[in-house]
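Only one chain is included here, represented as structure tokens and corresponding to the form predicted alone.
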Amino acid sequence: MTGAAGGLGQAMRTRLQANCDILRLSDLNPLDPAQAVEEVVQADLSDMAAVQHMVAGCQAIVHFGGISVEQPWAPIVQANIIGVYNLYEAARVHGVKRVVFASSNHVMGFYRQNEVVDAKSPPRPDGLYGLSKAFGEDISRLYFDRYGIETACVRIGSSYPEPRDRRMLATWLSFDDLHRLITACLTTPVLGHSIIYGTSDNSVSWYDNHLAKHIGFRPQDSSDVFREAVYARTDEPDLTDPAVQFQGGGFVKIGPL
């Protein structure tokens, strides 16, 4: 698992131990010492030699590494463009056949909140970060078509202990459901190259996963139990605000690019 020092990496570290004999953890930043079933490798995704060493001997990769917020182009290129190329090239060299790629809802951020998208809807990134994740999805497709490396492009919504605002009532993904989704992606008999939206079983949703039934993901949590509390602590939405109009929320207003 790359990005093991990040928020989702920390949330998945203990959970993913149940999925393997040895869990190799990697991040650019220092990590806590390895536990009994772990290995720890510090690596910069933009360093091909380091990534080759990181991937050697792995059977599958859960890729959380890279930049996960809107930033200037230069660091995004290093982590999310060069980094994801290095990862897939290392997977090819070392015979890794399955990747769970943490994509993002921000690949689709310029769809409106009254629209529902599925895996065949054309990408509409809401910024440079979303654009870099769209690139990651494309390179994973290339490496599937040419080399047979299966990938689940998981367009993660908002994975936190609970929804923080009204938008997250539609995008929320519990940590336990995220683990269920990763497990489904790693264990489904035939993954192919698949796009799946990573959200819990929320009543309000902009995402249609009917084209990913073969993965076998069935979320068990829902943002609905938080709805009243979220409404009580947040203001009525301003329908003229682009952050309310578009699925990407505040990301559509971050700039300049």
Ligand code: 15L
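No experiment lies behind these values; they were computed from the predicted model shown. Note that residue numbering begins at 1 and tracks the sequence as displayed.
Separately, the form predicted in complex with ligand 15L exists; it is not shown, and the next lines address it.
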- Message: Between S205, Q52, S68, N209, only one gets a heavy atom within 4.5 angstroms of ligand 15L in the predicted bound form; which residue is that?
- Response: S68
- Message: Only one of these stretches, 91-99, 182-190, 164-172, 145-153, has heavy atoms within 4.5 Å of ligand 15L in the predicted bound form; which one is it?
- Response: 164-172
- Message: Can you work out whether N86 and ligand 15L are in contact in the predicted bound form, taking contact to mean some heavy atom pair no more than 4.5 Å apart?
- Response: no
- Taking 4.5 angstroms as the cut-off for heavy atoms, does S104 touch ligand 15L in the predicted bound form? yes
- Query: Does Q113 reach ligand 15L in the predicted bound form if we count a contact as any heavy atom within 4.5 Å?
  - Reply: no
- Item | Contact label in the predicted bound form: F135 to ligand 15L, heavy atom within 4.5 Å | no
- For the heavy atom contacts within 4.5 Å of ligand 15L in the predicted bound form, list the residues of 113-145 involved, in sequence order. Y129
